[in-house]
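Below you will find one chain, with nothing else, as structure tokens; this is the form predicted alone, and questions on how it binds or moves follow later.
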């Protein structure tokens, strides 16, 4: 995921801003981390460079 994506993504639950917490970067791309809503506190994982913005009840937590 490119960090510039933060300018357009928002929480799918309440449309508030997301805060980025990076665990791993590679060549300027975010490989893993977490996006957390600044209002409701819901967290969305970033895995293999892909943010999972599905609502919590629709995620496959394998």
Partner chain sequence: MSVREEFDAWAAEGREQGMEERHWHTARPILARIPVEDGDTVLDLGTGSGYALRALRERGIDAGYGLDGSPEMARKAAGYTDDDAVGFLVGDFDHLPFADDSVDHVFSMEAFYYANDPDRVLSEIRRILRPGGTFYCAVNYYEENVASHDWQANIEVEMTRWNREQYREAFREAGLHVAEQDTVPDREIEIPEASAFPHEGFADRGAMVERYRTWGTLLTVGVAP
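What you see is a predicted model; the values in this text were computed from it and never measured. Positions refer to the first chain, counted from 1.
Keep in mind that the form predicted in complex with the partner chain is missing from the display, and what follows is about it.
Heavy atoms of residue 15 reach within 4.5 Å of the partner chain in the predicted complex, making it an interface residue. Using a 4.5 Å cutoff between non-hydrogen atoms, residue 43 does not count as a contact of the partner chain in the predicted complex. Although the partner is absent here, residue 54 sits close enough that one of its heavy atoms falls within 4.5 Å of the partner chain in the predicted complex.
Using a 4.5 Å cutoff between non-hydrogen atoms, residue 10 counts as a contact of the partner chain in the predicted complex.
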